[in-house]
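Given as structure tokens, the chain that follows is alone and in the form predicted on its own.
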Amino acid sequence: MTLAARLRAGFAEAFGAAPAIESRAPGRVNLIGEHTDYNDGFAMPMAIGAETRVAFTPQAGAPLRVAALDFGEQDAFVPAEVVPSAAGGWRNYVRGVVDELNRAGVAVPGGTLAIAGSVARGTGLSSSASLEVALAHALLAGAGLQWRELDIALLAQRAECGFPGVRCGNLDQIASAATKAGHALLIDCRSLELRPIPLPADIAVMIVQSGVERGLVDGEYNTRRIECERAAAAMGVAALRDADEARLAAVQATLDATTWHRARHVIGENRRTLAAAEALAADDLITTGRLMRESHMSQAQDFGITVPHTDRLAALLNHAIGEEGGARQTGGGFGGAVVAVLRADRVEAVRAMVLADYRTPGGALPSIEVETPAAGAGLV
């Protein structure tokens, strides 16, 4: 059964009718530019085929009844009086979007709403951003409104920072909301300038799951942001986007080792991301691969967000791919997926080497997906 069919069937079972509105938003894989977004830097994600879908029938003056089909759970609340749920989890992502829409002056209608998704949770592919963006599209449509892609993305970011408490940047939500089919997206996370980067037809993007699930709140994500803010303050800049290696060297003696390493990662990652965008657009996989390998090493040695299984998987992929392409851990870190960029004619050989040599912590074969850049979010 397709995701769309599963959503409609689940909506009908929960609420006894067909929905009036449907929306979708893709997950994303970040090719390069990790933990740069909340430092006002640069990132280059692309949307993937896995997505979240929302079905909604608005009813003015009614409570909002929500069915999370993937969990077999429900929630209900009055939109105008929404508060965080003591149960936490998916409920606060939904409630957080409603709260931010209220703050933006939107009269969020009640009604019946169902959610289903195919983005694996805890794997670094932005299941939460996908949910937030799809939900915002559906609720806005129910209120008779249509917002710009970027405005939806920024509202979704605020929602994740709010009730769920993840102090995320804007990368994930922009990637879900504003990407174009066939393209990666170079994001200037300060100016919000977006540059689509066409992926040459002979390039493949492979996503391999390490089998290590992580959570952003309890995975030290917020701690990394505090460390970056401390480094920026020590250098007298608004954000690490404004610093370079020379400026960092000038204050090294005043910084503790951890803060210095965090800053060195972000400064280098911004430079690598801009260079990778040019290399990828020019079909230069040798340079792209080198930059991806450097990015993984920096995540491991300077930012401290890789784990032994993602280190091993990245090393295996880089060995299998060779010089034309590369691999790195993707997402917030502490587990999740490794992304590889390689020539399409190498996919099967690389897949075979991974399946022969890598097992998840539970001893299972890893999940491997080969993706082409998908379109961003919208109504169905």
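This one's a predicted model, so the numbers in the text were calculated from it and none came from an experiment. In case it trips you up, residue 1 is the first one in the sequence shown, and so on.
Heads up, the form predicted together with a small molecule isn't pictured, but that's what we're talking about next.
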Using a 4.5 Å heavy atom cut-off, state whether residue 334 contacts the small molecule in the predicted complex.
no
In the predicted complex, is there a heavy atom of the small molecule that lies within 4.5 Å of any heavy atom of residue 41, even though the partner is absent here?
no
Any non-hydrogen atom of residue 168 within 4.5 angstroms of the small molecule in the predicted complex
yes
Evaluate residue 33 for contact with the small molecule in the predicted complex, applying a 4.5 angstroms cut-off between non-hydrogen atoms, and reply yes or no.
yes
Just one stretch in 326-334, 55-63, 340-348, 311-319 has heavy atoms within 4.5 Å of the small molecule in the predicted complex, so which one is it?
326-334
